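So this first bit is one chain, no partners, the form predicted alone, shown in structure tokens.
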């Protein structure tokens, strides 16, 4: 019981300190709006294309929102030595890090629904399988957050976290089937696509929104879970190795 009280208080502290600050709230809204506007209002894209664009815009909004926030906040706390006080708390490390990542997951989920709300005023979303959509959004947010955690514990400076984040994020935009099918990529790049977690999240979102997906939901979501667990485990191992003497 005490562990969950600590979990809840750490989560609330991060929400108040970072995610609910006006600049971050506005950035969390403006960034998905910018991505949505760029793709929804692009030249040559009619109303019939919006449903096919929603999964990509949702996935990109989650990816950039979670990794940008978490990799910077954890790196900043580590640099300012405030993270060391949390490490001294009498709670398991995995509970502590789940509390630290919980705010970013919520932030990513909130980002995901900005383009959905915009699209609801333009097209009919009654055909969306909302159960599969919510599950996919949550797993993408969790996996992207754990990717941000992996980045944060691999660097020592905030600017390094941002640079390292882009090393993962930009290839995912072009290789994960967000806006065009993977089979249209050069053959040499297709195996790399299936080595990236967002490929499976994007495929599940495409299936949930407009019914076109290459892999079964269970496979996509299971692989996404496996990526998330692996990233979280490696991050914990790095923290124990680098941050805990």
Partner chain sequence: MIRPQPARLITSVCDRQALTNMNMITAEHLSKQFGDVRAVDDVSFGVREGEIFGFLGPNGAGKTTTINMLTGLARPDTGRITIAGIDCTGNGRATQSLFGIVPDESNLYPELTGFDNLSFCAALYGVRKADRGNRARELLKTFDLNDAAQRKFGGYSKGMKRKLTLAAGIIHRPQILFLDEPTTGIDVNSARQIRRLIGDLRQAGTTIFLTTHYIEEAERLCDRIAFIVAGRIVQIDTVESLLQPLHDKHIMMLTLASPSGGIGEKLKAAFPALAFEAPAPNLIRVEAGYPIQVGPLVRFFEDQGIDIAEARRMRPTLEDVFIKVTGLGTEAMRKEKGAGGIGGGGTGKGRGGSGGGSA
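In this text the structure is predicted, and so the values were computed from the model without any measurement. Residue numbers count along the first chain shown, from 1.
Note that the form predicted together with the partner chain isn't included here; everything after this is about it.
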query	finding
Residue 88, heavy atom within 4.5 angstroms of the partner chain in the model of the complex	yes
The partner chain contact in the model of the complex: residue 84, any heavy atom under 4.5 Å	yes
Interface membership of residue 222, the partner chain in the model of the complex, 4.5 Å heavy atom rule	no
4.5 Å heavy atom contact, residue 93 and the partner chain in the model of the complex	yes
Which of 139-147, 119-127, 72-80, 164-172 lines the interface with the partner chain in the model of the complex (heavy atom within 4.5 Å)	72-80
Stretch 5-20: residues contacting the partner chain in the model of the complex, 4.5 Å heavy atom cut-off	5, 6, 9, 10, 13, 16, 17
